[in-house]
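One chain comes next, on its own, written as structure tokens: the form predicted on its own.
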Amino acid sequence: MAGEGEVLGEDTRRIVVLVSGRGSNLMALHAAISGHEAGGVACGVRARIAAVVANRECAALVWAREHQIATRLVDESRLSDRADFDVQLGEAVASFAPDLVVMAGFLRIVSASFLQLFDGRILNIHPSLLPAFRGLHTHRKALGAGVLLHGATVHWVSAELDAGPILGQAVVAVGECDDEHALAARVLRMEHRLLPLVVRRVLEQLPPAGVLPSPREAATAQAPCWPPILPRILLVEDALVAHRDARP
């Protein structure tokens, strides 16, 4: 795994992960890329987490430092102006020349200017089956709504909150005895499976940095449309599959 002074090979895809909390999805992605999980992201695709960037001190930053991954902190508590934060965040991420930016528990809405810097290269994982339950407190909302199915979504990031094109979803059943904590834990386990699979699929299709079509080229069909329409990934909780198979 690349540290501050390590130079990555030219054919290695560079991923920058944005975090705000404990970093469990970061850890799952790292394990998959490093080949610690069977059928990991690295299978057929050379990729590294080039850096972890956070908007606050958090457990994810500590973990990244312990694993010799480059880190950057753009501390929002020290920046009263949102525009200044957006500029500094963009500069921090851009300094690692990422092929892909992954928001994994990043609790901050990014600006249009940030999106333009990495247009078509930003993924987010959200703990609900979008378009249901956008924003925060998704498990509480799911329980309050009485839904039978809940889960997680990986999608392209767009200007509208939690509304970009969906790349994959993971589904769990909502049990009668579920509380917010129990439901969140089961969804998180599915997130750890879903995110590496989607990242791998995107990296397999991602063109080299600097060759994405401009908006004008895309509008005039002078270049392939990006981001592409990829086959969406669907994961279903094992218990839900067993329940379906047991039906008469």
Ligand code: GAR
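Don't overthink the numbering: it's just position in the shown sequence, from 1. This one's a predicted model, so the numbers in the text were calculated from it and none came from an experiment.
Absent from the display: the form predicted in complex with glycinamide ribonucleotide (GAR). The rest refers to it.
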Response to the item:
Within 4.5 Å of glycinamide ribonucleotide (GAR) in the predicted complex by heavy atoms, the stretch out of 73-81, 93-101, 120-128, 170-178 is 120-128
Practice prompt. Decide whether residue 188 counts as a contact residue for glycinamide ribonucleotide (GAR) in the predicted complex under a heavy atom distance cut-off of 4.5 Å.
Written response: yes
Item to complete: Give a yes/no on whether residue 147 approaches glycinamide ribonucleotide (GAR) to within 4.5 Å in the predicted complex, heavy atoms considered.
Response: no
Discussion item. When the contact criterion is heavy atoms within 4.5 Å, does residue 22 count as touching glycinamide ribonucleotide (GAR) in the predicted complex?
Written reply: yes
Worksheet item: Even though glycinamide ribonucleotide (GAR) is not shown here, does residue 105 get within 4.5 Å of it in the predicted complex, heavy atoms only?
Response: yes
Worksheet entry | Residues of 143-163 having any heavy atom within 4.5 Å of glycinamide ribonucleotide (GAR) in the predicted complex, listed in sequence order | 162
